[in-house]
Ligand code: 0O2
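This document starts with one chain, in the form predicted alone, laid out as structure tokens.
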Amino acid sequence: MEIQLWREILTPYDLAVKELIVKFEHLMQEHRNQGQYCPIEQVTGRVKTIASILDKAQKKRIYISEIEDKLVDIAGVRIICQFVEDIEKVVEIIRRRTDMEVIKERDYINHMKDSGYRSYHMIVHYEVQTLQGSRKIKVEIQIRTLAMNFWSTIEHSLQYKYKKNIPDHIREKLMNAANAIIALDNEMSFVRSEIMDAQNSFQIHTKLVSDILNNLQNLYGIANEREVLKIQDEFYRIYELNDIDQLNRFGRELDIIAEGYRAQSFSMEET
């Protein structure tokens, strides 16, 4: 197959991966904007290289003409979660979406591979629009925790180095590490509520400070500069106290001041 034809074949897959990454990142942002915990921590994606496609096709005895029908992971999206419990939540989110159709699922979380590999795989149909019209693309979505992803990355590198023939003593070490990953994820689950509370508090604090600074920035354009500087100094004083309740009160008071100036400015424009 000519290189140009490969590019034509792979372009829709590249489009599907890029669109899905944007959609999942937007989902993450929506959770943050609403002050909600998001089960998705990171999203990445890739399209297999031509060499990788040919290698897999050869191993599975797939003809070049059958590649798009029989290879389900040409396009891949990886979703990373903090906790094992988050994986099922992400799976449910994907199942409910109307812009993709789940055609196959494989649970390697509860049914770990012999190698120690753990992840949740979903094969979906995703429709993209191209110059030649709409195309339904198969995309493999892998969902795993940060710890599982670390193990998988290392194992993949070793598979590449040893041409799939990893020595037994290294396989044993990998299995020990896989068991340690299970223990780590379980320990993180025990303190999940504490971790989530801390992260939510940080997000609330960050959003509050951002809103206050945005209000101050807007006031510079419509209020007396000396008064704005006085308000800004008060903000710095309260910020250094690291008291979220005082910061909340200051934010509400600043909202009233800013609204008053906006109303005054609007009234002056009418006259």
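Just so we're clear, the structure is a prediction, and the values are computed from it rather than from any experiment. In this text, residue numbers run from 1 along the sequence as written.
The form predicted in complex with the named molecule is left out here; the points below concern that form.
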Exactly one listed stretch (23-31, 200-208, 52-60, 224-232) reaches within 4.5 angstroms of the named molecule in the predicted bound form by non-hydrogen atoms, and it is 52-60
Picking from Glu85, Glu105, Asp73, Glu127, the single residue whose non-hydrogen atoms come within 4.5 angstroms of the named molecule in the predicted bound form is Asp73
query = So in the predicted bound form, does any heavy atom of Ser189 sit within 4.5 Å of the named molecule?
reply = no
query: Can Arg135 be called a contact residue for the named molecule in the predicted bound form at 4.5 Å between heavy atoms?
result: no
Practice problem: Spell out, yes or no, whether the shortest heavy atom distance between Asp185 and the named molecule in the predicted bound form is within 4.5 Å. | Solution: no
Using a 4.5 Å heavy atom cut-off, state whether His121 contacts the named molecule in the predicted bound form.
yes
Looking in the predicted bound form, the residues of 41-56 with a heavy atom no more than 4.5 Å from the named molecule, listed in order, are Arg46, Lys48, Lys56
